[in-house]
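Take a look at this single chain, the form predicted on its own, given in structure tokens.
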């Protein structure tokens, strides 16, 4: 059985790694969809699809996990078309893992077996929390695999994220 999971992975963290391990206990292989692949350089989505691909692949390879496929998936902004869009981009899969109610519903209606994932240490291992820590200058490196921290440093991701918090607004108005 091959399973599918999708996430933005902004950034890929230890919770994601644990979810992949859990899915692979029940599946021969896993397809990891890198969602919202068209977005980068925003506070919500600071990393490119290529950077996220590198974060995930290096992290999994360091754990000796080789039975995975990474597929960047851009948003189509049409729920009725989304499952077909995913199917067109990925190898065939049998099961879907997600906690997102919309993702679960869409794949269920398309005839897939859909399962929830057990989120671990959510108060620490959340992309939103980790991005906030990076911006504030708090210690975030322990929340991500070592390879992810190295990539964020390599691409100057900390400075990128802090730059994204700045504005060119003057007295509440954007400067020309």
Ligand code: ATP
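Residue numbers count along the first chain shown, from 1. Not measured: the values here are computed from a predicted model.
Keep in mind that the form predicted in complex with adenosine-5'-triphosphate is missing from the display, and what follows is about it.
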- line: Only hit among 125, 112, 68, 39 for heavy atom within 4.5 Å of adenosine-5'-triphosphate in the predicted bound form is 125
query: Taking the shortest heavy atom distance, is residue 118 within 4.5 Å of adenosine-5'-triphosphate in the predicted bound form?
result: yes
adenosine-5'-triphosphate contact in the predicted bound form: residue 87, any heavy atom under 4.5 Å: no
query: Is residue 58 close enough to adenosine-5'-triphosphate in the predicted bound form to count, meaning some heavy atom within 4.5 Å?
result: no
field: Any non-hydrogen atom of residue 131 within 4.5 angstroms of adenosine-5'-triphosphate in the predicted bound form
entry: yes
